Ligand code: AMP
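The data below hold one chain only, encoded as structure tokens and taken in the form predicted on its own.
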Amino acid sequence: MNILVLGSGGREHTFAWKIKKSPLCSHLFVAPGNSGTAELAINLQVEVNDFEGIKAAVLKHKIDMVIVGPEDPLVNGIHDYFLNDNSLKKVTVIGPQKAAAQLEGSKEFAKEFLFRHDIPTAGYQSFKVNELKKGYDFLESLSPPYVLKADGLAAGKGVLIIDEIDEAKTELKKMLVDSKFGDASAKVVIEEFLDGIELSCFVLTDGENYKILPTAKDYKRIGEGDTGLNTGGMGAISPVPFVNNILLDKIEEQIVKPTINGLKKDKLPYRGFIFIGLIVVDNQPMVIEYNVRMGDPETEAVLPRLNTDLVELFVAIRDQTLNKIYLNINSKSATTVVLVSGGYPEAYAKGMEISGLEAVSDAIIFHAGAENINGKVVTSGGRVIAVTALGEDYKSALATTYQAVSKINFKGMNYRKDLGFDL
């Protein structure tokens, strides 16, 4: 079948790399893609929220299946767009419909869902601009640190964790009154702080059945020791070493099953990936957030460990036969280190030539913010390259990953040198 992957990051390059291995894939397209996907597929110059452009591409290239990488088009209703168009409705879309995508599109919606279905999570209240005083009062009732979350999509940067009450009040005002995160912070969710260690759980569902993919842990902050500004993600490790079978059972029984059952009860149509951000507090898993797609850079650490044909899984989602598939997972660890542009996550330069990619032989290179200009691969985004290697455990995998990283260079290149420091 002909398959289209929507997106342009490391996650989408990883999808393309994995899909290309499947005998079920005849022709592969990525829109808009990057320099890495161009080596595996045909890149189409269509943006992920240009639904009309996507429709034209799907019809022109006789696409049978669309894999939606990022959250934006899902929250904006691309799955519904396909279902409501007679010429598109037979095309399989991997990703939830708009109503279910609100699990990521609105922090308040997600918290209400969690409380409604008795899924463990932090206490919270949400506030609009005319409720600033109430927001201040709620902050006063909490112990530090204070967690402020923009309700809407803010490209992974809308969460603030603040130690001082006065600073928390100032930031709340900036979010609500000064629109610090634009429309995303027209409403702000304030949560009680949970002290524990975080990990990501990935679930595939066909709306009836589910499969749990390997766990991963990502590193969000730009600086060593988890300091500095939040980023889209500086690296990932899979599986998470501290997750034993007892904890996995708790995650499945207390979180995954109630989530799948909750989607059914609430009649939220869901076929695709559910990314559950977890924190483990006193050996109890609790939900920090839902995302309605795979994580990035976790995808680059999780999919290389999946021996099962990814397209077979997508076909099972289409046919609602996921219960009949056996997940074959590589027992090795995978680690991913992300190379970013100097200055990221703030202002950074683009167009820097990347050298050394061809010198890497014992790791997999996934392109993210990179493009091919006149035969040269140059930087085009903040997160530029993700380097993944496998090993017997995460330490040996990291050693190989960092060895590969040492061969790559571009002006201003920056990366975290301490992944796994907290394990």
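In this text, residue numbers run from 1 along the sequence as written. Keep in mind that this is a model prediction, so the values were computed, not measured.
Beyond what is shown, the protein has a form predicted in complex with the ligand; the following relates to that form.
With the partner omitted from this view, the residue of 119, 204, 288, 94 that lies near the ligand in the predicted complex is 288 [heavy atom within 4.5 Å]. Distance criterion of 4.5 Å from any heavy atom to the ligand in the predicted complex singles out 161 from the list 212, 83, 161, 129. Shown alone here, residue 220 lies within 4.5 Å of the ligand in the predicted complex, counting heavy atoms only. Residue contact check for residue 194: one or more of its heavy atoms lie within 4.5 Å of the ligand in the predicted complex. In the predicted complex, at least one heavy atom of residue 198 sits within 4.5 Å of a heavy atom of the ligand. Although the partner is absent here, residue 147 lies within 4.5 Å of the ligand in the predicted complex, judged by heavy atoms.
Of the candidate stretches 186-194, 75-83, 320-328, 333-341, only 186-194 has residues whose heavy atoms lie within 4.5 Å of the ligand in the predicted complex. Contact residues in stretch 266-280 (any heavy atom within 4.5 Å of the ligand, taken in the predicted complex) are limited to 279.
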